[in-house]
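First comes one chain, alone, set out as structure tokens in the form predicted alone.
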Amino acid sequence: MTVRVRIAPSPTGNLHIGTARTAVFNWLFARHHGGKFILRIEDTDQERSRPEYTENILAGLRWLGLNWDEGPFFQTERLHFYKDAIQKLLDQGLAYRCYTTAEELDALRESQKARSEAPRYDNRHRNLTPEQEAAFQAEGRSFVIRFKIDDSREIVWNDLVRGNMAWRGSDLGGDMVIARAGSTGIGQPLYNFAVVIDDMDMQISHVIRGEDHIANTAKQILLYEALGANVPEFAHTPLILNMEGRKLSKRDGVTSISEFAKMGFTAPALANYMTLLGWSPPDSTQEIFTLEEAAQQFSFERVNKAGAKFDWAKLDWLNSQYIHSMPIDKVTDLLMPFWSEAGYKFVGGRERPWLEQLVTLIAPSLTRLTDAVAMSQLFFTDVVEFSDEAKTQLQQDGVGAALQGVLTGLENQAQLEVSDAQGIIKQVVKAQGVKKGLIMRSLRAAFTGEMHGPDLMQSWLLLHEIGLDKPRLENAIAVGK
């Protein structure tokens, strides 16, 4: 059997972390078995679906490296398949037109609530006569299509994550609506029906999705059987939880995949992290691996039943490891959009080699790519603001004269190497009888406005290359007076 799996997001919002993790598991399973990963856009909710959400989903999957083999397919382009299948069920007496009004359904729910009963449809229109249907139509009532569910039926399957599962038909809420009301004939098909037709037509062998779909699975198995199709295997993956063990929500700061990118996470790190949300590799000590490496080891035997807790600290750590291991030119490419967004201008000597020197300086300290904005700000502005600690340093006795001595030493220094800078410092120490530590601390305050930061000598060389070291020294001398 050829493994064929699918990810089927709805374009009613941006690609979310939960959907993306489901996509990762589908992709890993397909690649492990040499199968196909299919992309389907479930856009039958026409009121809420938006083209920009579709593009966001496609871009997010591409960014993560989850390349698909077939698709994208769009449900709105497949309506004739659904209507043909519905008509087949109607012809076989397995589905029927239900004319129950919204007011009647509300009254039914209220009466069940008064009796402390679970809400369910009472199947009142399951066996209408042609005359009764004609009477309802004469009243101008619209209809929905309902699929007949046998309350006494037990639906069982072997879930690849959860083992043997069993549901009774009586727990499914009565006969299931499979198509909305239409102005003429069969209207828009609903999710539980459309997904079955799509999976049948696309020959999906394994349906891998979140555990919140388990009740849907029982209903869908009945539809597969009614339509004479093979039932795929199912794997219901654990939900993603917050650190308190509750279902992850927007309140936990969880965002769409595109927002994770804006927050400075790299695609390989986020994809790596998502593989660990519910799955563990055979070597439990291994935490860093590519999607391709994870696919070689992936199996549902190592997918947990319990919910997977989302840990921001763990994601930050993984992201830092990926950044620190990347070639400098790659990190530079990734940082360019963040610098541009911050309004930093790449002019006045800030050419590519210079930028790569800057990245070499700050990359070891980066956790997220966004960190580079603050870390590199001093290299993209003419004047720095001095912290109180830096001002105190610059106002110490002898600092002004020492910085003036450094300025004098730079007068004939068109280019600057580390040895040149060290020579200037040594000369000032000897000429003015001050300690080297005083000069080094004062230079850091002058160049950066802070008393802590990246390597001082490399920072000085970068500032000198774009002509900012002398103005910084002059400004610092003025502040110290």
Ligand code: GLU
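Just count from 1 along the sequence shown to find any residue number. Not measured: the values here are computed from a predicted model.
There is another form of this protein, the form predicted in complex with the ligand, and it is not shown here; the text below is about that form.
Contact check for Arg146: no non-hydrogen atom falls within 4.5 Å of the ligand in the predicted complex. Contact annotation for His213: at least one heavy atom lies within 4.5 Å of the ligand in the predicted complex. Although the partner is absent here, Ala8 is a contact residue: one of its heavy atoms lies within 4.5 angstroms of the ligand in the predicted complex. Although the partner is absent here, His206 is not a contact residue: none of its heavy atoms lies within 4.5 angstroms of the ligand in the predicted complex. When the ligand is considered in the predicted complex, only one residue from Tyr191, Tyr322, Phe81, Phe338 comes within 4.5 Å through any heavy atom, namely Tyr191. For the options Ala390, Val195, Ala402, Leu366, the one in contact with the ligand in the predicted complex, meaning a heavy atom within 4.5 Å, is Val195. Contacts with the ligand in the predicted complex, taken as any heavy atom within 4.5 Å, map within 38-53 to Glu42 alone.
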